[in-house]
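Coming up is one lone chain in structure tokens, specifically the form predicted alone.
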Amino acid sequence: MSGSSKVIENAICTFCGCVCDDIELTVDSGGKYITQAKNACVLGKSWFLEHKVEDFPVALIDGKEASLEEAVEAAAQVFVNAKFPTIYGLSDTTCEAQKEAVAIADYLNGNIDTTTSVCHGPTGMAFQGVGESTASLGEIKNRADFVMYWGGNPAEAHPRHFERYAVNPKSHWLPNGKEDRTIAMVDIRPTQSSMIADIFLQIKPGSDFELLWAMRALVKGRAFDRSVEERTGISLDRLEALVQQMKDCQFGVLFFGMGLTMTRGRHFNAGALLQLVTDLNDFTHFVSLPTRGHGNVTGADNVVSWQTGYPFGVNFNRGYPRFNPGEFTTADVLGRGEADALCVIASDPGSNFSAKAIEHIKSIPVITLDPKPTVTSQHAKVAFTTATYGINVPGTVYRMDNVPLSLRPAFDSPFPSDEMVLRAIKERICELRGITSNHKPVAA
């Protein structure tokens, strides 16, 4: 290693919701890219090694290179001239930037939504309905002797989840690591994750709710429809044995993913799982935790909730926040052709929303903030190139268990942060609207 190379210890990987904070980064002597990412998984290494100082314009307006000041002005004009501006994304940026985005939506009486609405949105709705029993990943790492994954594949989506938090770690209470734990998996097909499981239940697609409700009945000693065996594909003997193991453990955890939340049943599935965990607490200590995808999607939920009272899909057009998934969630707002301006922060709905939503994106002025060009930015009226959070930008992110962590950037970027751009746009909007940005706006 060159004597002038720079090493960042205990850096944080913001690729996925594990937000591993033990990464050792080596930066080249010119301070323009990362050459090594020790301890990172294959996904984390790709994240770190593929982000470097790029030769992109700081901004484009209608596809033509523009200064940062010109782009801020153009973006502010788009916002103030819109009747139903919508802000979307936010899961791959800092909490500080997320806070600025909420303020913009508030000042404009607009709409704000995060990628939660297309992943664990049903989980948030279930939390509101039935509550949750939860814990930090540190508690789970040290104490959980029964670990269950439902509708997720962490071996491929969160490669260090087993290693750091739930399956392999040794502790005072679990000195032999995996040998002291029972690992269970529920999914519709075998996966890379199910290969490590002691118990694997391959259920029929769309039968999650029925299986969860039968498990609740078994936990509580209640009668239930025995045809659940045929509907789910799981024998009653296996189900009874599993439930007994869950009741007999010392500390159990049930992780769940989008295989549960974005299939038939949605928030009813998540609610049934959360209620199952509550039932189990009559017999032992049991907790649940959603496995979150993006690096700071949990932070987005926290910030939007803190600022508005709701986690995603929030509308301000009456001068106060309202929450209604299906009405104010971005995929629906765009699919119905309602939004007349769109700001996308660290996301790419133009590549994965419905055909109707994408067609509407192409018909309205779009503002994008992203470190790299995206399908959505190709259609943008104003496209900002921003620095990458965690690699170039400090700030706060939340791990999937709601633990906040402070980023340790590796090298500087010539591009502004999302927070800087959003704050500049917010301040210009306030100037155009004749309001003071450090005070709450008055509803029209």
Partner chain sequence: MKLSLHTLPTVPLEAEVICPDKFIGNSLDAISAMTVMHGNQACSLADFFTLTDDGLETIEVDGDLSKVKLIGSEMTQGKIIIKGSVGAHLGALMTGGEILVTGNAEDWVGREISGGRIVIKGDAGHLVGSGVRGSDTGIQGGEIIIHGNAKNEVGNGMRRGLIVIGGNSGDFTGVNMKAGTIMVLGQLGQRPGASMVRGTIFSTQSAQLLPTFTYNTTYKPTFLKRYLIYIKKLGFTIDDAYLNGKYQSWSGDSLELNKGEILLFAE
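Everything quoted here is computed from the prediction, not taken from an experiment. Positions refer to the first chain, counted from 1.
Form predicted in complex with its partner chain: not shown, discussed below.
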Residues Ser133, Val304 and Lys381 all lining its partner chain in the predicted complex, heavy atom within 4.5 Å: no
Stretch in contact, per heavy atom within 4.5 angstroms of its partner chain in the predicted complex, of 134-142, 349-357, 101-109, 152-160: 101-109
Ala217 within 4.5 Å of its partner chain in the predicted complex, heavy atoms: yes
Distance check, His267 to its partner chain in the predicted complex, heavy atom within 4.5 Å: yes
Ser194: touches its partner chain in the predicted complex, heavy atom cutoff 4.5 angstroms: no
Interface membership of Asp198, its partner chain in the predicted complex, 4.5 Å heavy atom rule: no
Answer option from Gly335, Pro321, Pro169, Pro325, heavy atom within 4.5 Å of its partner chain in the predicted complex: Pro325
Contact residue in the predicted complex, from Pro85, Gly89, Gly257, Pro311 (heavy atom within 4.5 Å of its partner chain): Pro85
Sequence-ordered residues of 163-187 touching its partner chain in the predicted complex, heavy atom within 4.5 Å: none
